[in-house]
Each structure stands twice: as C-alpha cells, then as structure tokens.
Ligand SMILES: Cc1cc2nc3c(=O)[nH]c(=O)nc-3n(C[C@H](O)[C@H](O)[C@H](O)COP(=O)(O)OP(=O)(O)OC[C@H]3O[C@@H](n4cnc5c(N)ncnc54)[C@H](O)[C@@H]3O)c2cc1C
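Before any questions on binding or motion, here is one chain by itself as structure tokens, the form predicted on its own.
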Amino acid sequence: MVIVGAGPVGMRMAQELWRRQPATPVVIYGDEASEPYNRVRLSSFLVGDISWQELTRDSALPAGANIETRYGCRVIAIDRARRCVRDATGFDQPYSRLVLASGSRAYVPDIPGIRLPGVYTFRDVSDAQRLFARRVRSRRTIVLGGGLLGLEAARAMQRFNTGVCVVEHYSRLMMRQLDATAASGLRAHVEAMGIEVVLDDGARRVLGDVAVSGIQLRSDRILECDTVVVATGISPNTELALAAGLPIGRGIKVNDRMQTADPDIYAVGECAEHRDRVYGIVAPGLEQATVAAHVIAGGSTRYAGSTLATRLKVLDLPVFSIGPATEEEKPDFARTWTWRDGNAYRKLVTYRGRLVGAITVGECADLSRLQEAAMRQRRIWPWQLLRFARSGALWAEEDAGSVLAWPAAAAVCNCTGVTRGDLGRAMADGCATVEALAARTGASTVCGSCRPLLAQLAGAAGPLAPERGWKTLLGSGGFALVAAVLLLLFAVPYAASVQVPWQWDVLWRDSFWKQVSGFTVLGLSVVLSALSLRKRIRRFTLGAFPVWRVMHAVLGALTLVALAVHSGGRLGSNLNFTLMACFLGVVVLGATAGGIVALEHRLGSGAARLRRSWLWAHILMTWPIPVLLAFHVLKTYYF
C-alpha cells in the first residue's frame, strides 16, 4: 500500500490500514521534511499554547508496524499502467493500492501586489515558522479572511502587541458556520480583544514598492500595514491525479467507496471531491480514511457524506455549528428556535420535528449530546422546546451529566467522530488510560479538546457498583410485571353459590369494601407521587434517594394488589377500561425501568439510554391518570 500525504488524514489512513491488515507493508510519502504534525493545532503552536512535541505527539505510528516513511520526498508522477509512483529522487515505487491524501494548499487571490515581500499564507509548519519570525517585527498586520483560519491567524499575530485587522468580504464573520446574530456576538468579542474587523469589503490590491505598505479595499479605503496574512480558503492538490488522467472537478472525484476512476487508486481528505463536495476541515477526511481502509481490507462500507460540525474556541470564545443552521442553508419550511442570555446564544433548526442544525456561542454543557442529536436528526418534542426557550437546554441538567451517562451514539471526539460507545468498547478491551484510549480509537488526536472527557472515562474504567437496594428493586419490579400480566389475562370469578363459606366477591359487590379498596389505591398512588418531590425539589432532602426509589417500587407492587382486590381483575369498559389500561401501563413501564436501574451495573454503557427512555415513558403514561381518576370517582358517586 502506498499513501501520498503525511498530514492528519494520511497518517490516519496508515493507522487504519495497520489496524485491519498489520502484515501488509505500507509506504508513506510526505512533502515536508519534518515529522508529521497536527495541522489543526498550528494556530495554538503559533500562539505558544503548545510545544512542538505536543503538536507531533498524536501523529506517531504504531510501534513495530510494517510502515516505511519517506518524509521530505515528493511524489512527482503516477504510472497507472505500471502500477507505480515516481518520487523526486527518480525511484519508482510499485503499489497494489494507492491512496492520495495530498491535502490542499492556501488559496491566494490573484490581485496586484499579492507576491510582495510581507505577504504570508498560514497553512503548514513552514508558514508558521515564517510568521514566528515576522510577528515580532510587525507593527500592523492585516488578515484577509474572517473564517476559522483567519481568526486563528489574527489571534496568533496579536501576541506581541501587534495591531491586527481582519478583512472579510462577506457581511459577517464565519459566514458558512454562523448566522447574523451569532456572528454579531462573535464580532463584538473579537473587537473587545483589540482586533479591528472590516466586513463586506475585500482587497483590491496590495500596496507597496519593495515590500507591503498597505492594502486598498474595493471601497477604495486604504489600510496601512507591514504584514498581510492570506486566509481566504483552500485549493485541493489535484495535479498528480490530473496528470495521471483521473477525473477532476474541484477535487479528485471519488465514489462512495472513496475510489477514483481507477479502482486501485483512492483519494481521501481535502484533495477528494465526493458527490460534488470538497470538505475543507479534517473530520470528514478522517471518516473517509476509515471507509477507504475498510474497503481496501475487503469490507463493504459506503461513505454517504459528512454532517459538517465546527467546534472550537475563537479567541477563547467557544463556538459551535452543525448542519444547515444559517439562513442561506436551512431547508425550506424549517423552523428556528433561539435563546439568548447576555453573551451566550443558541439556535436550533428543526425540520418536520427533527433537529437538523444548531449554533451555540459561549459555554454549553450538553454540547456533545446536541451534536449527536443533530447528526442523527433526533426528534425534538414540544416540552423540550419549552425547556430550551426557558433555559437554553433541550435536556434537564441532570441528563447532561457525566460523559459516563451519555448515549452510546453521542460523539465524544468531534474531530474523529469517536462515540461514547466506541470508547466503552475500548475500555472493555483493557484501555484504561487517556493515552490507551487515544491510541485505540483516535479520540483526542486532532484538536485535543476532548481529552478531559477521556480522562473522566479513564478515571471510571472499573466496573460500575450496583445500585443500593437493587435486589429489592428487581424483585418488586418482577412481582409487579407478573401481577400485571395476570390481571390482563385472568379475572377472579364470582362465588358460584351463596353456600360458599367465604363470599370473596363481597370485596367488589359491597359498596363499603369497594370504597375501602378504591381509596387504598388512591392513597397509595398519592404516596407514590412523593418520589417526584424527592427528586425535583432540592430542599426536599429527607432520606437517601435510592431508599425512596426502593419504597416507590414496593408501594407500586402493593398498589397493584389493591387494584386487583378493587376490580377483581376485570378491566371494565369505556372510562373504566381507559383508567385500568393507564394503571397497568404505568406499572409495566415502571417495573421495566426499575429492572434496568437494578441491573445497570451488568448491562453496561447502553443501560443509561434505556433507563431514560423507559422512565420517561413511565412518567408520560402517568399524566392522564389524575384526570381519569377524578372522573371515575365523580361518576361512581353521582350514579
């Protein structure tokens, strides 16, 4: 296997191939002489937040892997007929499969003066090293481009009290990721950090004779500067593929298996064009590398495209965007929901009741769960939207909780797409440290922002302790389930003769006993509802909650016995039937939820999601009972 490109996607490709076919030899070519590094964190490296060792730490190849690296050696041609690539030394390297992960280069607009000394791009470590030296001497820097890279470059160049101005030709910052409100808040934050922002204007020419002295905007405004950083987008590196006769659009055209027109040549990352789309961020490239490796190993995986998610800190302000959340991209007839509190802003986009996009500016505790819901287009219920309108959160505070309680499908690492379930399986296989989890799954190996979550998981990698009173909880639930089934299937017969020693049917024939059993059911039901008070009212701290939960389960089983005495197992009709159906539904759902809670230490990571689903169903089924019960009592006494 030959891989052309030693960036994050090329290195991920090598790691995935080794994981699936460790005996297969792999050769990696890289243009740059330096060891592979994490391009996503270049801005942090330029600012000084991380060291070179940290920048290269997560790009290491597995120890002892059958992988040969040829860094600082450019591939200059592909010979498809001879199935080999030629490098800059003249050596012809045969391949059985070839993967092009050649990435992209900075797009430089063709305007007068753009080649003057003092104009820089910010794309690779060579650019970063040049800017390292330049920022000490620069007194005034202009950054062309108000997207992700432009804002990161502006932050980096500001370190030595350099005056920085960002020029964006669109009407707002981060045009592709943020709507007008979010972009306005971001602009205010950027300007508060001392960075000037010019919107809805672009560079017409770079001024200067022997070096940069300023730029002239389309509006004819002159901005003086001694340094210009170009961050206006990317151009995929397609020259190799084009010279080899492979179809090219904006990038190298590939199918859902990441194959080019030549089935033995694959393309992944920023150089690839899938379904007429080139992704300009690293996460889709990592997904593509995983798909290509799986296909090469004989799998049948298909790549259906990626939901673009942007999650980063812009000048220390957390910003997140996923899906079609801007006005330009949201689907027709989609609905938007917004919440704002000071500098914090959140927006949801729903289509046919499902979450398709979201934007957040500021800290957001349930961000990973929000991302998972948007990626899988989860249904959003009206009561969740009401909570969002009040607090900016779709889920109750305790539901956000620790990463240990996240759903298995929730993405823990946004850059690589590693889910809570993937990490759970890795822990089950013995990965008990952050480093082991990162090596096995790739989580935290791009931007590193999820390392605290991995640490949280690694710190709790041992087996879960059983819930207090779990045996009683399980026993009560089992009894209630059996009793509910018996009530559904069998009714106690009336006494066949008056000569029977004990006339048991007096329990539901005699008005007095009927009222005793009925009010027993009512009283027990009221007591059962006290559990919700213990859970929801913070000042209500009497007793431990697990004890209340066990009492709730036991009383629920006793309530079912009282109901059997009250009805004789007859479901009735009309109002009575509806009331009985609700009661039995509440019992069955509650008993099942209790069983899941009791066995959570054995069920593993998927139990938390099951627990929430069954508990919510149990609660929802309870809501009609007070109204139905009131009508039942009124009807009984009226007639």
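Counting begins at 1, following the sequence as shown. Note that the structure is predicted; figures quoted are calculated from it, not measured.
Here the subject shifts to the form predicted in complex with the ligand, a form of this protein not shown in this document.
Only one of the listed residues (T472, T520, Q384, S104) places a non-hydrogen atom within 4.5 angstroms of the ligand in the model of the complex, and that residue is S104.
Among the residues V361, V167, V282, A373, the one placing a heavy atom within 4.5 Å of the ligand in the model of the complex is V282. For a residue to qualify, one of its non-hydrogen atoms must sit within 4.5 Å of the ligand in the model of the complex; all three of L42, E152 and G269 qualify. Annotated contact segment (heavy atom within 4.5 Å of the ligand in the model of the complex): 96-104, selected among 96-104, 550-558, 295-303, 426-434. When contacts are judged by a 4.5 Å heavy atom cut-off, V228 does not count as touching the ligand in the model of the complex.
Proximity of R311 to the ligand in the model of the complex falls within the 4.5 Å heavy atom cutoff.
Although the partner is absent here, T232 is not a contact residue: none of its heavy atoms lies within 4.5 angstroms of the ligand in the model of the complex. For R74, a non-hydrogen atom is located within 4.5 Å of the ligand in the model of the complex, even though that partner is not displayed. Looking at 4-32, the residues that come within 4.5 Å of the ligand in the model of the complex, counting any heavy atom, are V4, G5, A6, G7, P8, V9, G10, Y29, G30, D31, E32.
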